[in-house]
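Read the single chain below, which is given as structure tokens and is the form predicted alone.
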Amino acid sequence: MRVIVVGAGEVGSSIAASLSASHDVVVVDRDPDRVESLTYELDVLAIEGDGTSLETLQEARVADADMVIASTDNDETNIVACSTAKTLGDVFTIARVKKTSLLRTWERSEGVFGVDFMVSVNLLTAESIVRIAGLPGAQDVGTFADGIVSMAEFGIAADSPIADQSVREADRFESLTFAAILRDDDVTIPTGDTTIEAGDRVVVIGSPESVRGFAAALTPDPTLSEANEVVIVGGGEIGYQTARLFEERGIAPRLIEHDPDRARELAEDLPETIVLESDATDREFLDREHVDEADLVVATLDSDEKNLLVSLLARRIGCARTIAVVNAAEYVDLFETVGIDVAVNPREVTAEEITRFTYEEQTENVAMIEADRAEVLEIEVDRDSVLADTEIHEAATEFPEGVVVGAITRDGAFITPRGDTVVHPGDHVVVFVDTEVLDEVSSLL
């Protein structure tokens, strides 16, 4: 497939990197330094130019392209790039936008603006926050097979009940598979004898009940339904969407917004949310409002530095759990190292959503682990798959190292995969795959 990516920022570069191994990728950007950098870093054709210009898109051979992904930081530029591409050929267009209002307009008449698929950064980020908030202790959460299968990633602290245990000792939950252990820069596929160490990140796949049970065993934090206090800091679009999604789940959060006009708007639009007008870094205000008793504080301010400050202050006064939006991807590890429980990067979330959309037809769903170190795929097995009508231990001999079949669903029922389980065509399998062997495995599945 020939794919043109307009915009070589974090999102565009991440998408290009994900697609370059298996597709013919062209990247267009105005910045000559970015273009030169991509030329050396990735196996792509990088073109310096304006992605909204006919001449530039013609130079990128848009008429021969299968897909245009407009992923600059500017909503209007992305929409115009898609519209321009449509005038030059029958190409599928994807636009990244921040304004949820543009998404709502597009949803009323899909294909409007010349955009075939629209991705809302702020809404995706809010959905990611609420999904992670729903599983105590989790740092990443994904659902597959219409919610029948869950995937979650957990950090292991020194005082974790499974630290220094073998996987066999820690595996006390039915319908749960330890898919991988992430340790430093390594991805380890564990055996029963593998020891789980403090500092590891463990990826598990299983039924939602078993993953929740595993989470409950790791942390005393309450589930979202048990949480008494959820506080959102920042009334921008991400904060608003997060509050709205919490309301949909029956949670009545409190939202702190310093701008009085914006606070008034939010109070009118969010009937179940208590909107407080104040500076969230005011310690006296936080004490007065008993934020120290909050089960969860979500920092969604526009500034990474302010989100870090607010989150650290919340933890210092006693808040149980913090989730912070981090716009700079290079700060994600820093946030989590200094004590923020989960850092959510909107650009990573967006790149994951767009990359998911470009996958092969039989791939039903994708979750990326640690940005690009591994992926969890949901595949509908067809007769050409090495898994078809074969016991898993036999099919596994065809796979390289770095692959785990984590779950199977058949006719809407969850099946825990074992070595002698026979996979049938039409089954959905959820597979953990190390990125280094992704292309090889995809061709086998």
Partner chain sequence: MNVRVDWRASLSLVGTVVKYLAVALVLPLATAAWYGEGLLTFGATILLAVTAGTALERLDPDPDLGAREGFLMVGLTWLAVAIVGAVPYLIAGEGTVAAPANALFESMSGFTTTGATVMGDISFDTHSRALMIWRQQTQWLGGMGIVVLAVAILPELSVGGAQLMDAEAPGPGIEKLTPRIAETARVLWLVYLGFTVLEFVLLYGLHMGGHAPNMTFYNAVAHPLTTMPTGGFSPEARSIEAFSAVVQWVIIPFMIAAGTNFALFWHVLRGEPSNLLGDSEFRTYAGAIGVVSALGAVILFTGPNLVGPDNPFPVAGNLESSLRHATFQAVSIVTTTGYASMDFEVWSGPAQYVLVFAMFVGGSAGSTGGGIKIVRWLVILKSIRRELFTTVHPEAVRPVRLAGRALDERALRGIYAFTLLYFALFLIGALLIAVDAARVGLDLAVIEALTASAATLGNIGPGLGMVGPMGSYLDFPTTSKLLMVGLMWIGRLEIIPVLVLLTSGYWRS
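Residue numbers count along the first chain shown, from 1. As the structure is a computational prediction, the values presented were derived from the model and not from experiment.
Separately, the form predicted together with the partner chain exists; it is not shown, and the next lines address it.
- Contact check for residue 140: no non-hydrogen atom falls within 4.5 Å of the partner chain in the predicted complex.
- Among heavy atoms of residue 217, none comes within 4.5 Å of the partner chain in the predicted complex.
- Of the heavy atoms in residue 249, none are within 4.5 Å of the partner chain in the predicted complex.
- Taking the partner from the other structure, the partner chain in the predicted complex has a heavy atom within 4.5 Å of a heavy atom of residue 269.
- Picking from 151-159, 260-268, 342-350, 322-330 the stretch near the partner chain in the predicted complex, with a 4.5 Å limit on heavy atoms, gives 260-268.
- Distance criterion of 4.5 Å from any heavy atom to the partner chain in the predicted complex singles out 276 from the list 88, 276, 103, 181.
- This chain is drawn without the partner chain; in the predicted complex, the residue among 237, 289, 336, 304 with a heavy atom within 4.5 Å of it is 289.
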